[in-house]
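The chain below stands alone and is given as structure tokens, in the form predicted on its own.
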């Protein structure tokens, strides 16, 4: 499961049809908002969609806007002030696009590790913004963060496999 550096000529950049570009994030947001909280609270489907689109498009500006749009939409459906998820997913979208342009992120092992890492980055940014800027009282747990990251990584690998079917080469 080696992560290899690739040159600019070797990188495949993908695009998606408009129904997939709009429909997949909306479906992820709908499921996140309306699935039972007690059972599905550890999963962050909008984050997984942000990571996938960022790594597939490999354009940092596109990843930034995708993360911001999905994050702000999640803020509107969630209990937290508007902007917290927006900031966290903007950072993750930008980083996923930047990393996707530099590394081979097509194999399952790399996707699992990257998803776990981005989940932890997302949680760290979310926690920092919520505690530092909004003054919310939240508690950080490394064990919960790592286990949730692994759970999201496993669900992400399945989701990425399904979403790979919708890729269109540029």
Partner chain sequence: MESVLGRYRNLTILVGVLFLQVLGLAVQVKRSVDAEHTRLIRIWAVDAITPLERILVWTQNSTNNVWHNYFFLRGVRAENRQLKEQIQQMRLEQVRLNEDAAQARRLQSLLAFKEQVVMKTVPAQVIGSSGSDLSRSIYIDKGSNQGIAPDMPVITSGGIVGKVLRTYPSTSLVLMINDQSSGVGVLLEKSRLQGVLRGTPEGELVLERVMSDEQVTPGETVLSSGGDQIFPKGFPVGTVMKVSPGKELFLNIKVHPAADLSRLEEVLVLTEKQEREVVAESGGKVRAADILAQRLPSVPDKPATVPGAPVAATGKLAGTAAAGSIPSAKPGLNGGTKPAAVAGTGTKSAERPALRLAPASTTAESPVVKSSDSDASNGRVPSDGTNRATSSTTKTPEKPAAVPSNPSTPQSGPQPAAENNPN
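Just so it is clear, the model here is predicted, and its values are computed rather than measured. Positions refer to the first chain, counted from 1.
Quick note: we don't show the form predicted in complex with the partner chain, though the next part is all about it.
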{"query": "4.5 Å heavy atom contact, residue 144 to the partner chain in the predicted bound form", "finding": "yes"}
{"query": "Residue contact check: residue 118 to the partner chain in the predicted bound form, 4.5 Å heavy atom", "finding": "no"}
{"query": "In the predicted bound form, residue 53 touching the partner chain (heavy atom, 4.5 Å)", "finding": "no"}
{"query": "Contact of residue 134 with the partner chain in the predicted bound form (heavy atom, 4.5 Å)", "finding": "yes"}
{"query": "Members of 83-97 lying within 4.5 angstroms of the partner chain, judged by heavy atom, in the predicted bound form", "finding": "83, 84, 85, 86, 87, 90, 91, 94"}
